[in-house]
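In the structure tokens that follow, a single protein chain appears in two forms: structure 1, then structure 2.
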Structure 1
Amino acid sequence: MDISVWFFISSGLFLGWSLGANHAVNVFGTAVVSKMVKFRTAAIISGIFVILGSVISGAGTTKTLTDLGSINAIAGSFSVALAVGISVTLMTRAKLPVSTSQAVIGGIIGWNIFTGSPTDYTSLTKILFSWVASPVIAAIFGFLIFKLMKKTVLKWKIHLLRLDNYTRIGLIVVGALASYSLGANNIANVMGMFVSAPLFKDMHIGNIITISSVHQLFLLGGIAIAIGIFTYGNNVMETVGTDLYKISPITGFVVVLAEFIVLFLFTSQTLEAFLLKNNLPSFPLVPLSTTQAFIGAVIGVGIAKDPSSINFKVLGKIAIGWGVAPLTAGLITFISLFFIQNVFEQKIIHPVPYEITTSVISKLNAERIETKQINDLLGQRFLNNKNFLNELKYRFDYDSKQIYSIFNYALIDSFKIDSSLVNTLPEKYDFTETEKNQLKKLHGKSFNHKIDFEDAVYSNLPMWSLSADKLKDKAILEKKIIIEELFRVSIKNKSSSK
């Protein structure tokens, strides 16, 4: 691996460090500040579980982030991570409750705007929904758990010392679980933007264990977060923890438990599968802000205790932070990308070719998107996002959603079907013989657009069509991703610029 890669990735590690330093307070702040758990113990437990969460469960939420914007050049990832890291640090200095998740979204959108890449508004809406939902749900859980505790634990006549012990154990367990969720939820924020940039090679230990490049990346990010907790977590706990959230150990336990539940709801792929299996509404898997969930839970417990104790000034500050965090990160990203590209002459985006074909036109027509004006672009290849975007906008006033669809369909993404690869399909996805034979029939065919590939492989075959069964649909979509990855070929050197 090139030594410069380490330089670029350092910004992600810096972001991980600042995240660890800032967010440790959300998982162990109440336990440490109330002297129930020593900082050293908290840091060790938190560090271990953050790393485990990052490596084992980090993939779920990363998908949503990569959907939002595929930063495919390492200098671009560097700029975004650095900008987010700086804005997080600035916000902490301004004593505004900082949300790394929100800053990251701002950074990615900043990159999209600068490079002329379209933003997936479906993913963005999902994320925005979670920003509102997570503190509200955390507040509801905080309220209910506190009421339940008051009605049960205090009535059970447990000796104060024993209750203290149980609370201590509870704080450690819930802190460890919340740390796991912190890792699983936030590794996407720290390393998500480096996923598309090729950094590591898969590591094979003997013939048994393979550590994928993504897992290596997440392990590195998890370690950075853990170091942040160790080196600076205590300072933030002492300042932020005592100023903002002075609460008793039992209340602290309720808050962290409520926070963990919310993080779990929005991160767990297992839970999502369980809910879908039982025809229950599932939660979107998106990277959440632990700070928001934590503050939501504090508010919920506050309402349960005494509604008049809610500090509206603090609430106002949080609301301002919601807007300021992504805006600042977006702005700093935009400026830093300008400098990286024009002063340091680094590639902030790998050119991805686009071409409008007849199949793209018919797909757009099916979605009732105006195509008459862009018919003259048929067969032309565009290597630059901005050029393509300008050509489209020059011809018709497309809205953001339509632009995203055109970009999505026109993207040249080469596939070649090789029947010998069919047998290498992972067993855990349960590909049927019919499905495999269907793929083998298409041996030797190649495609330049994903929509053409999908049309050839999936159309008119009932086994690939989606139904109302969400669980079944999810399995089909997963299988489709596996098939795409199997037959996708590198698009390097396949395009010629306009």
Structure 2
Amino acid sequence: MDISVWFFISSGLFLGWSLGANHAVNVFGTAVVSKMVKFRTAAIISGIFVILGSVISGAGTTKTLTDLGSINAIAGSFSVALAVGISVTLMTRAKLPVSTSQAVIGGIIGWNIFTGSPTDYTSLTKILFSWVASPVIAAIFGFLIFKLMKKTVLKWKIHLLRLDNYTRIGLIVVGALASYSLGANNIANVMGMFVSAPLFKDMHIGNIITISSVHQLFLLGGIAIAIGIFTYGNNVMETVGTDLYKISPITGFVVVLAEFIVLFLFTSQTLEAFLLKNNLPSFPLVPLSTTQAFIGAVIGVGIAKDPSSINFKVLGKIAIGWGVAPLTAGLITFISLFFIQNVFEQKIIHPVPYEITTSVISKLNAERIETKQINDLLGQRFLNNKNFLNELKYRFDYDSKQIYSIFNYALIDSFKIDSSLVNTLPEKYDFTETEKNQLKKLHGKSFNHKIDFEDAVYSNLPMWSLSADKLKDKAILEKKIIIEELFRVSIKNKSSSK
């Protein structure tokens, strides 16, 4: 691999380090501050489980982040990761438990604005919802769990030494679980912006194990987080552990348990499938702010125990940090992209072609998006996001959601159906013979737009229609992604075929 790739990816590793340094307090801070667990022990346990969570369960939240902004050039990924890392480090030095998720979103939106790329407001709304919901849910769990502990365990009159021992074990167990969830949920923040710019090749160990390029990225990111926890994690603990609220060992156990529950709710694909199967509302899989969940749990326990003991001045200071972090990250991203593109002459975005066709116009009309003013663009191909955006805005005052739809439909994304590949579809997705035969009938067909591909493959066929059954719809959408990836003609394939 080119050594320059390691240079660019170093910004992601730096971000991972700063995330670990800032978020160590969220998983083992209470155990360490209350002197129940030594920092060195906590850091080792946390590091191991963060890496496991990153590699095993990191995929779910990453998709939401890549939907928000597909940074497809490694120099662009480098700029965003570096800007976020600098923002988080500045907050860490100020001893503020900042939200890395918010800083990452600020960085990605900064990239979108600089490159003229549209922002997916559906994904952004899901993420914003989680920012509001997670501390509230954590506060509720923290409040309820503490009340339950007070009416049960604390009334059982367990010998003090034995209670201390149980509490220590409990802190280690919930700290390990929370560390796993921290890795699973936050690896998207560290490496999510590099996923669209493939850096590694899949590794095959014999014919048994295949380690994908994404999992290799997640492993590196997990290790970086673990090093951040070990080398600098005890600094932020002083703010939350001693200033915001005086945390006892029992309180610390409740706080981390409540935080773990919230992280699990917003990370687990298994839980999502269970809820959908039983027709229950599911939680969006988004990169959550573990800091917000932690602070929410601290507040919940504080209200249950003694509301007057909460230092709301410190809470306000932390909240300001949450607002400043994404703005800082977005601004630094914008400025760094300017220098990297114009001074160092690096590509911060790979040109992606767009073209308005009659099928694009039909799709837009179906969504009642004005198209009369852009009919003169039929057949024109744009290789620059900003030029395409300016042409659209010059003709009509489209809102952000409409712009996103036009970009999405006009994107040239080539597909060619090869019937010999149909039998390679993964067995675990249970493709039926009818579905396979339908694909084989289209052998040799080529498409330049995803909407044309979807129209040929899925339209008027009942097995591809979505229904009110969320679990069934989720399985259909997963199958569609597998089919698209199978027949997509990648840039690399195009180049090699010339």
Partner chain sequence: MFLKKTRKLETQIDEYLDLVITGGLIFKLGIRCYLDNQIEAFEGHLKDLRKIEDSADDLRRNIEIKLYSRTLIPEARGDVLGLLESCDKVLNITEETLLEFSVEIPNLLPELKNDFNDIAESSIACLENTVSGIRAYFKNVDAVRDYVTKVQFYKKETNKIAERIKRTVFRTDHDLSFKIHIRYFTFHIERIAEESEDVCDRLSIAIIKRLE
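Source: prediction; values computed, not measured. Quick note, the numbers are simply positions in structure 1, starting from 1. Take the two forms, superpose them, and find the largest set of C-alpha atoms that agree within 1.5 Å; that set is the rigid core.
Structure number of the form predicted alone: Only structure 2 matches the form predicted alone.
Can we say the CA of residue 420 moves by at least 2 Å between the two structures when the core is superposed? Moves: no, less than 2 Å.
Rigid core fitted, then: does residue 308 show a CA shift of 2 angstroms or greater between the two structures? Yes: residue 308 shifts by at least 2 Å between the two structures.
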